[in-house]
Every structure is written in C-alpha cells, then in structure tokens.
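Starting off, we have a lone chain in the form predicted on its own, written out as structure tokens.
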Amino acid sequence: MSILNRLHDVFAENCQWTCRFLSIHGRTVHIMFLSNVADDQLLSEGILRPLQKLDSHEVEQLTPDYLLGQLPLKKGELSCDLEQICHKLMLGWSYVWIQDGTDGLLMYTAAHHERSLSKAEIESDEYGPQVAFVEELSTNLSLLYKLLPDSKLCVSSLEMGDVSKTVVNIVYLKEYANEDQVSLLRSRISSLQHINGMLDSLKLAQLLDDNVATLFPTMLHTERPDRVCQGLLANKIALFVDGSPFAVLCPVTIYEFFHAGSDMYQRWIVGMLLRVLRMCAMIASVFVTSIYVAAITFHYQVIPPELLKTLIQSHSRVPFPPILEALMLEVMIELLRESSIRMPSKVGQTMGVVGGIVIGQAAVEAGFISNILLMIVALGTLSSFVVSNFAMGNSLQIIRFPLIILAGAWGGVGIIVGTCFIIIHLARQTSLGVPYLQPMNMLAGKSDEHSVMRMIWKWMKRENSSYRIRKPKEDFAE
C-alpha cells in the first residue's frame, strides 16, 4: 500500500484533510495538508506556484531531493515514516509526494495564530521592561536572545507527551549554570515521556519538583523576560513549554519569591525598604489572625487594659468563640477572593469590592463577627497580596488556617508548635537539589541585586554578578 493510501486511511474521518494533485508534464505530484492549520499563502507561493513553473527538462529529474532545493520555504525534510508524517501534518506541515515514489517531502507551511506582545498583567511593575511572554515558543526565545545576545546561551529541546508531543526547551548559560543540575533536569523530563500530554509550564514544574507533596512552590513561575535573564545570569535554568506564556526558573530559594522585578531598577534604599516591607507583610499575613485568637482566648493579660476594654466591647455581641469567628471570616474572605477571580474582570472587581463592604458591614451589624477581627483579617489578606509571587501568596493564605486552629486550641504554645513544624518542613525542601532555606547575604555581602537588603558598596560585587565591573583596557600602555 502506498503512502498516499495509508494517509487517506489515517485522516479519513478528519474533515480538514486535503489532498491536491498537480499534473506537470505527464507526472503527478500530490500535496497533502490539513486546511485548518496550514497557511494558504505559504502553500500557494511556496509549493504550488514553483511546481507549476517547472519546465519539461526539470520534470524529468523531479525527485524529492531536487524539490528540497527548489521550493522557497525555510524548513523541509525527506521522510517516509508514517508516524512522523502524521505528526508533522497535525502541526501544519505539508507533504509533497511524487507518484510512484518511495520518499516524500515535508515542508513547513504552518499558520501562526498568536497574540501580539503585550504588557505583563500578573507581574506588572512600574519600572523596567514591560513586555511579557506569549504562547509561541519561538517568540519567547527571541525575546531572550534580544536581551542576552551571547553564544553562551544554550537551548536544549525535548519532546514529551504521547498525544500532545509538546516541545519543552531547557535554557541556560554555559559556564554559568551547574551542569549536574542541567543533566538532572533533563533526566526528569525524559522520565515523564509516558504521560499523555503537557499543556503548560506550571503543570510541568509540579511534576519536576523534588517533593510534590509540599505546599510551597519550589520553582519560580514568571511571565517577564527580564526576570528570566536575571535568573540565567545568576546561574539558574529556565524552562519553556510551547503554548505556555510562563517560564519556570530553578533552582530557587524561598527568599526569591519575595523579590519583584522593579526592585532592580530603583534606588538601592527604595529597593531595600520594599523588600523589608514584603518580608514584614509575609509574617503579618501568616500570624496576625492567629495571634489575635490566642491573645483574646488565653493571653488577655498581655493586652493593655485600654485596648482590652475595646476588645471586650467589640466581642460582647458575638455569640461564637474567637476561633470559630476567625475561621468563618477567613472562609468568607477566601470565597470573595475566589469568586472575583473566576468571574469576568469587570464584574469580578465590582464583586470583590462591593461584596466585601456589604457582607462585612452586615456581619458586624448582625453580631456574627467583631469589627476589630474584621480589620485584622483584612490586614492579613492585604499583606498576602503584597507578596509579588501569586503561588507563594496562595500558600501563605492556606497556612493561616492550621495556625488559627492551633492558636484557638493551645494559644501561644500552639502558634510556636505550628511555626516549628513549618520551619522543619521548609528546611527539608530542596529545589533541584539546592536547599530551600539556603542562607542569603542580608546586607549585600557580594551581590546587590539578589540580596535582601541592597547596599551600594562597589567592592562587594561578586565576579559572576549580572552587572560586572570591568577594568578599562589600556590601549596606549607604555
């Protein structure tokens, strides 16, 4: 059975399957493609017209090898493998087969349906580059090449998924990234070949985690090319998945989830204060509600008398114990947040603001919650939004619930026990073999852009920093 009949059997139930044939000076040439993924203009100008212009002398020596050098398309390859041909046809390629031949010619004629480059929405910053990644892998790589036009930039391509056959690219800087980590990452991706499909980089990162059961993200997701370049210059590895607008950086530590891209482009004292503010906001979002529950339930002796009177008056009308009151309000806040995300953007913003005001005011007037607790829970929720990474913010939101339960059961002792469990759990985590709590220089001992508190000491910059200090060349040395 010829390759033409076998392809007809494979795509018999696909309404987009198209097979055209041209009779050129007595020889028949078949052009096969899927009309919904192939570009009509490329087919016409790159294949059909050049074939129609062949003269009788050229037709006598017409072979797939000869056509490969004549057709004006940038990608082409010879193939007679049915599985490879079917896969390429689904990606928009066209198959040119000469009657009674053995091999055919695959030509790249895919139509590109991609959105234009736009401003980053999730990681929006007021300073620095504003462009964000898109779903097209080649476009994302071109953004990296524009920022890092260096031959050390290596791109390794892998294919995963039995059905989706998704292209995954591992990007790193040679002599910067750890070769053992690159090999480990490549082997982990290769071990996932049995899955049916991979549609997004965020799902891939979960499958590549050192510990898939942890609540905390151990790989950094970003949509900003400048942040990926900063990571590559800091000896990290980036992962790109075709069809996903997010890149994955690894290995990372927990401190890097509290960094924002705009910190690099501001004065050092402003960036330092903003990072300290995020650290304080992280602590407040996790502990502020549980501390309130513990204080008003067990440790009211530590509260100043004037403040204690206000707390008693605020809580006197509430028929529930503090732990149940706090859990009810936390669940209410989470429902409002989730509903505002799932609804359309214009309706979701209105729903979040109006719903929070109306429900909060009605709950206070009805006596279900106290107004002081409402203010404290709102403070904790706002503090979680200050964290620049959305995945880390979700983790901090979830941690509050067990801490509130422990605080309501054992007071301050419960908070200490819960905190110890969290620290022990974080200490056991790794990101591609790097400890998750690996210490950082608090006062920019060697790296100003990746430290918690940036300083301006030039003599403390390290050699492989992304902004190297080079000595001027002595062109007229004696």
Partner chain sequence: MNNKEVDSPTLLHPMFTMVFMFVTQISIGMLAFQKYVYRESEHDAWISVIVAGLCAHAVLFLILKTLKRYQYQDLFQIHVRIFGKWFGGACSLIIICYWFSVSVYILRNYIEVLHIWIFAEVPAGVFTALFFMLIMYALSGGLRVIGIVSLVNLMLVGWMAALLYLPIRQAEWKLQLLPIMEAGMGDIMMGSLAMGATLGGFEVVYYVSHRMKQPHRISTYAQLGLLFVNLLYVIVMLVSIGYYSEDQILNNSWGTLSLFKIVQFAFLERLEFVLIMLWLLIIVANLLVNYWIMTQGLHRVFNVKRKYACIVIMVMALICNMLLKTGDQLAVVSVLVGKLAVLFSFAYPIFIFIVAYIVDYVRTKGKEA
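Quick caveat: nothing in here was measured; it's all calculated off a predicted structure. Numbering follows the first chain given and starts at 1.
Only in words, not in the display: the form predicted together with its partner chain, which the text now covers.
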> Taking the partner as it appears in the predicted bound form, which of 164 to 172, 149 to 157, 207 to 215, 132 to 140 has residues with heavy atoms within 4.5 Å of its partner chain?
Replying inline: 207 to 215
>> Let me test this: is every residue among Pro251, Leu274 and Met279 within 4.5 Å of its partner chain in the predicted bound form, going by heavy atom positions?
In response: no
> Should Lys53 be counted as a contact of its partner chain in the predicted bound form, where contact means heavy atoms within 4.5 Å?
Replying inline: no
> Should Tyr66 be classed as touching its partner chain in the predicted bound form when contacts are defined as heavy atoms within 4.5 Å?
Replying inline: no
>> I'd like to know if Arg188 sits close to its partner chain in the predicted bound form, meaning any non-hydrogen atom pair within 4.5 angstroms.
In response: yes
> According to a 4.5 angstroms non-hydrogen atom cut-off, is Arg428 in contact with its partner chain in the predicted bound form?
Replying inline: yes
> Can you pick the one in Ala234, Ile98, Ala284, Leu192 that has a heavy atom within 4.5 Å of its partner chain in the predicted bound form?
Replying inline: Leu192
> Among the candidate residues Leu335, Ala366, Val302, Leu78, which is the single one with a non-hydrogen atom no more than 4.5 Å from its partner chain in the predicted bound form?
Replying inline: Val302
